[in-house]
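The data below hold one chain only, encoded as structure tokens and taken in the form predicted on its own.
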Amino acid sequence: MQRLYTDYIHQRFFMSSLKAFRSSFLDFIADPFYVSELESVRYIPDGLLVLEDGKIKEIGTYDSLQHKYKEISITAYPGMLIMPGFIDTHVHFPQLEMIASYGEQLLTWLNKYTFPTEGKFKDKTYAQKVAAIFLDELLKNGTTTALVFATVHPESVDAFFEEANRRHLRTIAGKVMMDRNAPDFLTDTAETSYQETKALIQKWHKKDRLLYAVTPRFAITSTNEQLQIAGRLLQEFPDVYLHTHISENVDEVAFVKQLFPESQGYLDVYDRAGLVGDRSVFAHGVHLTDAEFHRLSQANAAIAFCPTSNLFLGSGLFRIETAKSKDYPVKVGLGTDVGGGTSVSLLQTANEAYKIAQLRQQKLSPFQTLFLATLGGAKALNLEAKIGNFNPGKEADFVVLDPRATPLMAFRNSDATPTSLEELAERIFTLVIMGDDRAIHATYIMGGLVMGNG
């Protein structure tokens, strides 16, 4: 009798650590750029997602799983669609307050708007205020992981990571490294950037869910000595990231050629410093050559595709079809790139990605765009073992989407649950094109509701 009672208590305790959610579910188990939708898309019209201690325990149809978990309460989201949390592979948290700054292309825009704004972030209290607003905006828009630029000030990194850790977020960030071609109040030196970055790595990298990125702004604002220092940091800490910009603007590319005449192109500047590897994320890549795409593929490096920024600053149209070539594939995620980007919403970012592909006479399917925002982003950040889909063992960051969030969306979408991939494709395409923060019904971090309605 005692053994039976003990087993009963154990079972009740075990079950009490579980959570379950019932809704329609969509995630990706492979890359829809390379295999069919039947092979890459997992769609469960009436499913059950079971969590244990903030991680995915099991996912399947409601009918097949309900009997196993009848002892626990189930949170139901009828008429909604649950997806893994969105992943932003390039964004600047200090630039949130200068979003929608008028009239300039990249280099003038940096000097006129960006650098004066970033000068404020030596004040940690101010940086913390902006970091809190920024992270809450991400969560409001369903973004649960981001690769983030801070400023040159270590205080900005501390402020960001403190706020991210308070929210239990899986984030990556780093102190900007700039030792030339920027105002004196924003520059460091090769040596101080090394010492400050090293101290920040030791303080924050792998603390809870936080990760660090060595972050030279771009080749224009770093001497060769500083880029070599960045490479030295990657050697000393091989599991940190490299995060920078590349080939965003034609004038930028020309300036890099002047500054580094010995290099065989923009990417080669970074390559010579040991910055091109499988944990390197290069934002933009609008004007990369075919040879540079080949090299990125060879190195298993990633590109952050930033469509709203590329359009807003007049930078150009990213060659998504080249990046996702079957001959030399490159990892690609979506980046909002606020404040050059015009929205922190990855739905709106996917919207503009679709339009850029159209302008290049290409097509991005609804599934391909949402892959870039979820599992594609996780792969770009080498985090597919932890986030990106609903495979058991992964961290339970997810978003509840409302396809009928606005009167017009409700008019466009019936209240019937899609039962086929064709019906689902039409439904999610309307989410991509018409959706924004209003379509985010709820955001969950490690299985806990942090924004929206439970």
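Source: prediction; values computed, not measured. We number the residues from 1 along the sequence you see.
Below, we refer to the form predicted together with ligand GUN, which is not included among the displayed structures.
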property: Ligand GUN contact in the model of the complex: L106, any heavy atom under 4.5 Å; result: yes
property: Any non-hydrogen atom of E352 within 4.5 angstroms of ligand GUN in the model of the complex; result: no
property: Residue contact check: S309 to ligand GUN in the model of the complex, 4.5 Å heavy atom; result: yes
property: Ligand GUN contact at L110 in the model of the complex, heavy atom, 4.5 Å; result: yes
property: Per-stretch contact check against ligand GUN in the model of the complex, the hit in 240 to 248, 121 to 129, 355 to 363, 164 to 172 (non-hydrogen atom, 4.5 angstroms); result: 240 to 248
property: Residue among Q226, S280, T114, T143 with a heavy atom within 4.5 Å of ligand GUN in the model of the complex; result: T114
property: Residue (of F371, F218, F134, F318) lying close to ligand GUN in the model of the complex, criterion heavy atoms within 4.5 Å; result: F218
property: Residues from 335 to 364 in contact with ligand GUN (non-hydrogen atom within 4.5 Å) in the model of the complex; result: D337
